[in-house]
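Consider the single chain below, provided in structure tokens and representing the form predicted on its own.
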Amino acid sequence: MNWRGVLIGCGFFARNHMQAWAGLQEASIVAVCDIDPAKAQAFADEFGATAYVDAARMLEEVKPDFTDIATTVATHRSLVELAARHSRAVICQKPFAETLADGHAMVAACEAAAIPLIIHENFRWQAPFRALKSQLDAGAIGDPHFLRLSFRHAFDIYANQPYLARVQDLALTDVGLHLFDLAVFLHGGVERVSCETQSLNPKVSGQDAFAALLRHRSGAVTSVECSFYSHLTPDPFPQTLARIEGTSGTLELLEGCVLRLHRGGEVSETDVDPAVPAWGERPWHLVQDSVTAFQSHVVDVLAGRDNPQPSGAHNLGTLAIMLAAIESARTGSALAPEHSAKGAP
């Protein structure tokens, strides 16, 4: 079966969505929408779709199997609620909501329609983290108790997405949410968060660096570091480095996408760098491959072969961690994430 989809939002990152969908045999994007008619038409011409500027009209006329929402967060609630009335599944870019109230409303809209809401958290779908998770699940290091995640670079992310320079809580909302999702993916739910933020780049109006400490319900601890103003040669962007320690060993994700296992007094290494997609390029291939992996998962969800990872209900917990980190940085206090999310821990 070929699942018919539509895309809302034809911005910079949405091109990765379109390229990845074009490479899948079981799904295709038949229509695209953007409030800028030139952007919508350019995507439509390049990928063989129909262009719209009105999302409601597109959804009413196309009646898609799925809707892929790749807009900025302020539009997510209205678009998810709209798409839930016209689709068999809704995909929403992160951060999927500005507030927990909006998040709960979007989850409720999709639950009322009895359709899946899948959040585009693609870091957990990066090849290195899929390999690390596989080793972890196989018991390679015993019971994990400590995780460090580090995303530090000085790559000019503002050239293609200039609006980012005006986001107040930039690091936490742009990448922090991805890193918190990774922490939950590897260590489970979080009961306490503390965070410090920094404003480093004089061209950026918000905070572009943070350090957070998470206490998990399992008793494990995660240290999360993020900086968009760390001058390194070569720049590791867009790779996230990691170390996870357990009762019988340690796993590390090192620069160059090397997975190192320390166990039993021995060290082994595996190359977990994904291939560059035919439509991709370095260093973006790490992210581009993860988009393809995520969208392949969406096809599995549509076909009933898998459950959403992460679902909207699950991502409420991750959103709560991010909001608690923002409040912790403001108040200087350690806080418990406030949410009532359903789904996997």
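Nothing here was measured: the structure is a model prediction, and the numbers come from that model. All residue numbers refer to positions in the sequence shown, first residue = 1.
Absent from the display: the form predicted in complex with a small molecule. The rest refers to it.
Interface membership of Asp34, defined by any non-hydrogen atom within 4.5 Å of the small molecule in the predicted complex, is confirmed.
The small molecule in the predicted complex comes within 4.5 Å of no heavy atom belonging to Val62. Among heavy atoms of Thr72, some come within 4.5 Å of the small molecule in the predicted complex. Using a 4.5 Å cutoff between non-hydrogen atoms, Leu149 does not count as a contact of the small molecule in the predicted complex. Proximity to the small molecule in the predicted complex, taken as a non-hydrogen atom within 4.5 angstroms, holds for one residue of Thr250, Gln161, Ser194, Ser223, which is Gln161. Note on the partner interface in the predicted complex: the residue among Thr240, Ser87, Gln93, Ser227 having a heavy atom within 4.5 angstroms of the small molecule is Gln93. From the list 264-272, 72-80, 104-112, 212-220, the contact stretch for the small molecule in the predicted complex under a 4.5 Å heavy atom rule is 72-80.
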